[in-house]
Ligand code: PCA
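In structure tokens, the next block holds one chain alone, the form predicted on its own.
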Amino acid sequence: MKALRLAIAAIALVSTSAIAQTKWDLPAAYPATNFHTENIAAFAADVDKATGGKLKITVHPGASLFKAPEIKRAVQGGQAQIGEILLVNFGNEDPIYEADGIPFLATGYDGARKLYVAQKPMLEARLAKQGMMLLYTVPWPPQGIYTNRDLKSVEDMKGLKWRAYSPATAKLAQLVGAQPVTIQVAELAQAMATGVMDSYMSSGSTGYDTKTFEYIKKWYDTQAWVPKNAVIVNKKAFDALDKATQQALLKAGADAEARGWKVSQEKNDWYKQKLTESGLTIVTPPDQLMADLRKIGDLMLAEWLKKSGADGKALAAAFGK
């Protein structure tokens, strides 16, 4: 009888444990080998360890669960409890999301960090209205132009089949006379191989991950902007966690942000080296090209300030201090 009672108690303990465990899905748009995704995997492992397995986060890389533009809505609707988004993808929803996609507003990591400090409370407020919360952000390395053309000025960009991944990159294409083609990163290699596009603006990281060097042989290192990925959480899912698990999640998020910003900066030169070793030429942009691009950046900033209203002006003022 005693053995039976012990067996029943053991089964009850296992059942309670199983019930107590919470499982979350985290869709991500980038390959498992990308530094953003590696950072997310480390974050998920940190959460698992800190909560003693109470909260298990399964990472779904490479847009395998949801495509990049779908992830925000999936988190908002509770189809995924947590997810990674590229903020500038949502510039049509609200201009504040694309502040870090305005050419030459913030060009290096110090500028990007300063812009994030100004932008963060506004991002948090917008996500809160939609039932979500901002957990952490990590920047991409600075953006440059991948093309096979010789670019001496913006005039040389006319007619390029230009990959647009956000409203800002589509607008940039329009202003330089290129043809914007909306392509997410998961389809980028195929689009280059089939000739759907022949140029785009992105970091050394994307060029390396997608083996752009197999199709395009030049990268103009314009350092035009430093966009950020954000990991966002469904607020109801967060509120359903016990306090200790919530604190563990927030701590792991803060650690992931600090680690991610550091790794992004460290890997910037590594990506350039790997691209060069793979046969891609990294070009210092001619003065005329840079002057032309900066004029376009000024135009895009003026338009952004007009459509972003009081919050945009406040963000720009805070960043400019």
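Quick note: we count residues from 1 along the sequence shown, nothing fancier. Treat the numbers as computed from the prediction; the structure is a model and nothing was measured.
In what follows, reference is made to the form predicted in complex with ligand PCA, a form of this protein that is not presented.
S.K.: Though only this chain appears here, would Gly83 touch ligand PCA in the model of the complex if you measure heavy atom gaps against 4.5 Å?
M.R.: Contact check for Gly83: no, nothing within 4.5 Å of ligand PCA in the model of the complex.
S.K.: Spell out, yes or no, whether the shortest heavy atom distance between Gly101 and ligand PCA in the model of the complex is within 4.5 Å.
M.R.: No - in the model of the complex, heavy atoms of Gly101 and ligand PCA never come within 4.5 Å of each other.
S.K.: For Gln119, is any heavy atom within 4.5 Å of ligand PCA in the model of the complex, or not?
M.R.: Close contact is absent here: in the model of the complex, Gln119 is far from ligand PCA, nothing within 4.5 Å, heavy atoms only.
S.K.: Contact between Val185 and ligand PCA in the model of the complex at 4.5 Å, heavy atoms?
M.R.: Yes, Val185 is a contact residue.
S.K.: Since exactly one of Trp140, Tyr208, Tyr220, Trp162 fits, which has a heavy atom within 4.5 Å of ligand PCA in the model of the complex?
M.R.: For this set of options, the contacting one is Trp140.
S.K.: With ligand PCA left out of view, which of Asn234, Ser202, Ser199, Thr212 would have a heavy atom within 4.5 Å of it in the model of the complex?
M.R.: Of Asn234, Ser202, Ser199, Thr212, the residue with a heavy atom within 4.5 Å of ligand PCA in the model of the complex is Ser202.
S.K.: What stretch, of 103-111, 190-198, 163-171, 234-242, brings heavy atoms to within 4.5 Å of ligand PCA in the model of the complex?
M.R.: Only one stretch passes the 4.5 Å heavy-atom test: 163-171.
S.K.: Can you tell me which bits of 262-295 touch ligand PCA in the model of the complex, meaning any heavy atom within 4.5 Å?
M.R.: Contacts from 262-295: none.
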